[in-house]
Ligand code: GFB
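Given as structure tokens, the chain that follows is alone and in the form predicted alone.
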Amino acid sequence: MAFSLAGKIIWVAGHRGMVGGAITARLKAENCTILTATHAELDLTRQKDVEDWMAVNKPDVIVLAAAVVGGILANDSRPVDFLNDNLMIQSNIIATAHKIGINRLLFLGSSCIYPRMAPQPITEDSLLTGPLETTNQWYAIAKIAGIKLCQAYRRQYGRDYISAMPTNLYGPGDNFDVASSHVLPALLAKAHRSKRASAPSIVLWGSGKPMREFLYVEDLAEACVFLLKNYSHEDPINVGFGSDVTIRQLAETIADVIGFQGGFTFDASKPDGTPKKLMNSARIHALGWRATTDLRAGIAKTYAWYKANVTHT
């Protein structure tokens, strides 16, 4: 399959987020017209507003990167936001895309769609084969519904809607609020503050033993453009880095990049989440795409952005 983006009008829904921002930046090299809309201009949870805006702006292609996102604490404490808001956002956009005749759409899901104890590395065929991780089940269920909605429009109406499942992401534009962010940006912010305060240690949630895979967001943006050009199938496709580390190893790498000299303590009262989550990205590798930014280099780039842009710390 070959699909040209040249001359197309492409709407990146969620362009102010880390993922949407990286995709928007990458698309600038594609000789296309990029559409964006702020929340003040368009509330994606309101169906009529979405229909009216899309009818006026008429995109040829949609990248659906808009979502309510967050780490374990945010997922566990705001289940309505993560389930209901995400369901409304994706349903409004996907349904309206079909209604006004848009035939090409990329839906971005998440690795949390897979069962908590899925065989590792996780293949796309693991979807719906077991129970989800309870700490992020609300977000996962919404994302699974989005995948199935894209499949449904493809089967019933022949729409060329595809879904990509990124692994854990990080990079410039991430959320560094330790109360609501994912593990990598939260640890980066903690390490930065602890270094400035000459603190003796950093507190890590849980045991530090769970294993996670991390993908630099600019690599994901490259993958998204690649998939828009080269992938057309109802099955979701994994986008991962290819290897994982323990949370303790992640913290040690972050501390080394930042220059934090202290140690680590572990809060066993906090959840570990899924024990291991490594994606099998063989399908996208077979198509010709691989990530190029290793973890330490990606953390260094992210920390440089953090120091330049997150001024309140």
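Residue numbers here begin at 1 and follow the sequence given. Nothing here was measured: the structure is a model prediction, and the numbers come from that model.
This protein has a second form, the form predicted in complex with the named molecule, left out of what is shown; the following refers to that one.
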{"property": "Listed range touching the named molecule, judged in the predicted bound form by heavy atoms within 4.5 Å, from 50-58, 268-276, 23-31, 281-289", "result": "268-276"}
{"property": "Proximity to the named molecule in the predicted bound form, single hit among Leu227, Ala186, Ala97, Cys150 (heavy atom within 4.5 Å)", "result": "Ala186"}
{"property": "is_contact(Asn168, the named molecule) in the predicted bound form, heavy atom dist at most 4.5 Å", "result": "yes"}
{"property": "Proximity of Ile247 to the named molecule in the predicted bound form, heavy atoms at 4.5 Å", "result": "yes"}
{"property": "4.5 Å heavy atom contact, Trp205 to the named molecule in the predicted bound form", "result": "yes"}
{"property": "Residue contact check: Pro115 to the named molecule in the predicted bound form, 4.5 Å heavy atom", "result": "no"}
{"property": "Neighbours of the named molecule in the predicted bound form among 67-83 [non-hydrogen atom within 4.5 angstroms]", "result": "Gly70, Gly71, Ile72, Asn75"}
